[in-house]
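A lone chain, given as structure tokens: the form predicted on its own.
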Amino acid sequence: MVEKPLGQMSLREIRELARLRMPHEAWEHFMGAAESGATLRRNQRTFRRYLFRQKIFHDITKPDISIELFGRRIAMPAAIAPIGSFSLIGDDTERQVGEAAARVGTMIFASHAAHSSVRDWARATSAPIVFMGYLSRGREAVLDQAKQAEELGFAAVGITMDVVQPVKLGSVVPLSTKDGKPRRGQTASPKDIEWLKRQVSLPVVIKGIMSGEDARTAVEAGADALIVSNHGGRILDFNRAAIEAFPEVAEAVGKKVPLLLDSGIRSGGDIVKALALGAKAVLVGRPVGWGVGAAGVEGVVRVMDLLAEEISRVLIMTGTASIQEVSKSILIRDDGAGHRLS
């Protein structure tokens, strides 16, 4: 079979190419989820409950899909999720992801679990960066990287707080991809948010919020932005999909802080649906892994270009001139009755 040029590949085809090219251990890690994998599947399936309301009588041909996030202008409302296991694909993978982010004009959320330090990320890319710490590595380690991030001009810093229990792949808790040590959980406390807020002047982002109650607690403790995420289905089996939890979080905190959505994004349509429900932007995880695994820098660029093209297509087909104009009015709940969301 003749392989298509990368520029003609769909995300599904890039995923298959990545499966063939990535080391087996890396593929299994990227595709793994906790226990039965129910949460992973639900993340994607739930997006299908929302349909778009088509509108064609307008003169919109080139919608503005750029946004401002943490004071930085980025080309699209999709940033690269904090992934600690890029190094399983190759020694140069994190640098390749950084180069690709700069090429497409998006933002990187850099994981504390990655091999690269904040200084390595800063050298690797001109893209705006958000450092996401793990308190399981200790407050001193988080603070050291957060302070350096501030000095280096990062856009924000934060904590991934949903690892109260460590990541699980099937029935196994894998060793850390950073240092090969056993993973361990951490307690989640609003005092940790208050502590980080006292230490840095950058916006503080909290990842792993899946309820209105936790959202209120985080904002009251000083969080400047929240990421609604179930860690891609890798923490709690039979959890709600992130997009299911999102309306509850949005109702709880209103517009007090920007809300981002992580977990389950597979298309530009998914991104627009999240924005219509109130997200400022989304984080893209596994598809970026497939892109870099399939074709390095160019693979990530192709994945992000696909998402950008799909976002623009949806906006044109719903009569929406810019990301700022996206609202619930373009969505219909697929309940058989075609109800527009209020």
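Model, not experiment: these values are computed from the prediction. A residue's number is simply how far along the shown sequence it sits, counting from 1.
The same protein has a further form, the form predicted together with a small molecule, not shown here; the description that follows concerns it.
Undergrad: Though the small molecule is not shown, can you say which of G98, P77, G268, G232 has a heavy atom within 4.5 Å of it in the predicted complex?
TA: Contact residue from the list: G232.
Undergrad: So which of T160, T125, T106, Q145 reaches within 4.5 angstroms of the small molecule in the predicted complex, heavy atom to heavy atom?
TA: None of the other options qualify; the answer is T160.
Undergrad: Work out which of the listed stretches, 60-68, 308-316, 28-36, 271-279, brings a heavy atom within 4.5 angstroms of the small molecule in the predicted complex.
TA: It is 28-36 that comes within 4.5 Å of the partner.
Undergrad: Decide yes or no: are W121, P203 and P258 jointly within 4.5 Å of the small molecule in the predicted complex, with each residue judged by its heavy atoms?
TA: Zero of three within 4.5 Å in the predicted complex.
Undergrad: Although the small molecule is absent from this view, report whether R42 comes within 4.5 Å of it in the predicted complex, heavy atoms only.
TA: No, R42 stays farther than 4.5 Å from the small molecule in the predicted complex.
Undergrad: Taking the small molecule as it sits in the predicted complex, is S111 in contact with it (heavy atom to heavy atom, 4.5 Å or less)?
TA: Judged by the heavy-atom cut-off of 4.5 Å, S111 is in contact with the small molecule in the predicted complex.
Undergrad: So, T93 and the small molecule: in the predicted complex, are they within 4.5 Å at any heavy atom pair?
TA: Answer no; every heavy atom of T93 is more than 4.5 Å from the small molecule in the predicted complex.
Undergrad: Does the small molecule get within 4.5 angstroms of any non-hydrogen atom of G84 in the predicted complex?
TA: Although the small molecule is absent here, G84 would touch it in the predicted complex, with heavy atoms inside 4.5 Å.
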